[in-house]
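Okay, here we've got a single chain as structure tokens, the form predicted alone, with questions on binding and movement later.
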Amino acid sequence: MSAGNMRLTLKVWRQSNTNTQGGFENYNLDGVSPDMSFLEMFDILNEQLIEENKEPVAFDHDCREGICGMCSMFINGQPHGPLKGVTTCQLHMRSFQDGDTITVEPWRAGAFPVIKDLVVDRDGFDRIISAGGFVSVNTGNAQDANNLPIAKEDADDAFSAAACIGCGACVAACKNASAMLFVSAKISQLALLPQGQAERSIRAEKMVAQMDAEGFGNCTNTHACSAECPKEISFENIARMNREYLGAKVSSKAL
């Protein structure tokens, strides 16, 4: 092992498919550079397993730039690991010590069934977006920004909400497996902008209804979702979503 490199024990969840019972397997890994990302470390593990004629660990990854939200790993009891405001692919091995045992699990939520090993089915998020997280009406051609005035506070809040990458860390962090931070971010980003006004009420009703249909739990008000979110989406979005939903239900009854 080169100077400065680490020797680690990885305790990794292995599960063949949704219908089989999973369990942890231990792997010893030498020569881990502190400069490696967590996913690069898993690449090394899989290369080692392949050389040993063993099945590599299945895990989600795509951009590896903190943008796509695919790299969903529960690391030592925390979604995306010990650092605040980063995804798993942005976590580097310098955050760990030589000789550490690192426990890696998939998201734990009934609405996110395990597909294989560390890969979970997050199609429920896609179905929530399909229920209303879009603008379907004709809002006209793109205009000069000066012709569509938006209060700076609203623009900033909409931009912050739109930063949500749909990784599911909020669900994994919540003891009720609530998706309210994700849903509220998607509702907020459109509710705060002029383009989203035409479908504002129906959007909130449909997305919340789909969230419930998917089996996600209710908000616990512990703020664990916001604390573990790699994009630090504000908990205030949930309050906004509740107001949007209540307003939509009142409007529906008035009609």
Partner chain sequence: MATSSRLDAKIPQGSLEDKWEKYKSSVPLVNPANKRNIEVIVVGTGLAGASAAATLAEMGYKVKAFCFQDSPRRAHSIAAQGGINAAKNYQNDGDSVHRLFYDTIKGGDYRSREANVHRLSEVSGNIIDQCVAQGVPFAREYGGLLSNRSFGGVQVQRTFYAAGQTGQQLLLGAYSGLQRQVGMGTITMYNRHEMLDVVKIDGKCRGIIARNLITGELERHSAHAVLLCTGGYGNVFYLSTNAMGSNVTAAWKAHKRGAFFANPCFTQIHPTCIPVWGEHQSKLTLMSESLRNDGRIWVPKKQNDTRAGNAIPEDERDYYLERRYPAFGNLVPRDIASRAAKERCDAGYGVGTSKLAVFLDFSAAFHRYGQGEANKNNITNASESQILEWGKAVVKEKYGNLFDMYKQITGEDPYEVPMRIYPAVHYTMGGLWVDYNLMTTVPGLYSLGEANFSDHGANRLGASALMQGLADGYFVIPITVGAYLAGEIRTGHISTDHEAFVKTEKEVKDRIEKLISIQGNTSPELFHRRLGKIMWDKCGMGRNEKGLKEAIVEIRALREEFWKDVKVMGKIGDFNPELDKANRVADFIELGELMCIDALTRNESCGGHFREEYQTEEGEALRDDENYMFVSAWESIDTEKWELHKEELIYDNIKIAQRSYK
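Note that the structure is predicted; figures quoted are calculated from it, not measured. Only the largest set of C-alpha atoms that superpose within 1.5 Å between the two forms is called the rigid core. Positions refer to the first chain, counted from 1.
Omitted here: the form predicted together with its partner chain. The next part is about that form.
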{"query": "Its partner chain contact in the predicted complex: Asn176, any heavy atom under 4.5 Å", "finding": "no"}
{"query": "Non-hydrogen atom contact Ser136 with its partner chain in the predicted complex at 4.5 angstroms", "finding": "yes"}
{"query": "Close approach of Gln97 to its partner chain in the predicted complex, 4.5 Å, heavy atom", "finding": "no"}
{"query": "is_contact(Ile67, its partner chain) in the predicted complex, heavy atom dist at most 4.5 Å", "finding": "yes"}
{"query": "Answer option from Ile202, Ala58, Ala213, Ala198, heavy atom within 4.5 Å of its partner chain in the predicted complex", "finding": "Ala58"}
{"query": "Heavy atom distance at most 4.5 Å to its partner chain in the predicted complex, all of Asp62, Gln143 and Ile165", "finding": "yes"}
{"query": "Any residue of 39-58 that, in the predicted complex, places a heavy atom within 4.5 Å of its partner chain", "finding": "Glu40, Asp43, Ile44, Glu47, Ile50, Glu51, Asn53, Lys54, Glu55, Pro56, Ala58"}
{"query": "Core-aligned CA displacement of Lys175 at least 2 Å between this form and the one not shown", "finding": "no"}
